[in-house]
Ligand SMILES: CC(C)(COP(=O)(O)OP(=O)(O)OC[C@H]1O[C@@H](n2cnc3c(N)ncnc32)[C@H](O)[C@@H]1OP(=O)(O)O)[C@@H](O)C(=O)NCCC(=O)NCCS
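The data below hold one chain only, encoded as structure tokens and taken in the form predicted on its own.
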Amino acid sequence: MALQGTLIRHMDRTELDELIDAQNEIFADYIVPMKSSREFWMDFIRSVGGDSANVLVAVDKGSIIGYVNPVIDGEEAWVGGVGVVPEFRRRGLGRKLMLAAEEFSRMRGAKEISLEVIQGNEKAEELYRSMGYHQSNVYLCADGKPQQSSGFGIAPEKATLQDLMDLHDRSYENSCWQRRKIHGLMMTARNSECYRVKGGFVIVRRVENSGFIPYLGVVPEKRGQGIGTALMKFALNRLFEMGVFTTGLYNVNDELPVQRLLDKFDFHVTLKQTEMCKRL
């Protein structure tokens, strides 16, 4: 059934709570169910360099029934979320929202747009392919346990934000948007412990009883020298000292050296995401 009278427009900032309600309805039956909140949304927007004013919403009879979140940085754009509430799915609204995001990004100077789709979400991937998107990379998330160690082979020292920014730019140039863009690093560093060695860095964070390694990077010319393994060992030991029970890694490149590192520390992959890109 076609949608009659549905309007796609930019969200007004006063509609944020309504958008969050719509998100919670949209993602309640997602492959990985998600629960949003005003605080979660604002942290996310800041971490990816986005702007709530850029969000496009689909409105039917005065209610938000879908949204798309285009994030733009120069000639690059990224879709930081898109969805339609269950009642209005399978009517072409997702495609219309994506087309609106592409047009907005193009008008803002972007020449390429990308997104990530969880592997197994076949309907979404089919839609993106039909719109001209192609796979460019694969990222994975993994969980493991903190581990106590007697030595690391290196002596990490506390890092300043400037230290991190220099190492990050060289270490994460071929990673996904959330990890590659400096906004995420700056947000994460504020609430985490940050360490560096010559040619590499690691960030560890505790949230209640869970631990995270948001960033672990080694500059290209220092790879293959055991620095990544030593930093991982140090990070897991630090999280052990913090008293956490689990440790998470998110959106890391699905490459052989990464897989070997995860195997070494007995991490198991929880999901994979396919990055898809399109020239505008």
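Residue positions are given as counts along the sequence shown, with the first one as 1. Since the model is a prediction, treat every value here as computed from it, not as a measurement.
The form predicted together with the named molecule is left out here; the points below concern that form.
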Contact label in the predicted bound form: residue 121 to the named molecule, heavy atom within 4.5 Å
yes
Please check if residue 94 has a heavy atom lying within 4.5 Å of any heavy atom of the named molecule in the predicted bound form.
yes
Tell me, yes or no, whether residue 127 is in contact with the named molecule in the predicted bound form, where a contact means a heavy atom of each within 4.5 Å.
yes
Should residue 90 be counted as a contact of the named molecule in the predicted bound form, where contact means heavy atoms within 4.5 Å?
yes
Among 252, 26, 57, 45, which has at least one heavy atom within 4.5 Å of the named molecule in the predicted bound form?
26
Scan 184, 144, 83, 199 and let me know which has any heavy atom within 4.5 Å of the named molecule in the predicted bound form.
83
Among the candidate stretches 47-55, 244-252, 219-227, 27-35, which one is within 4.5 Å of the named molecule in the predicted bound form when only heavy atoms are counted?
27-35
Taking heavy atoms and a 4.5 Å limit, what residues of 58-80 are near the named molecule in the predicted bound form?
none
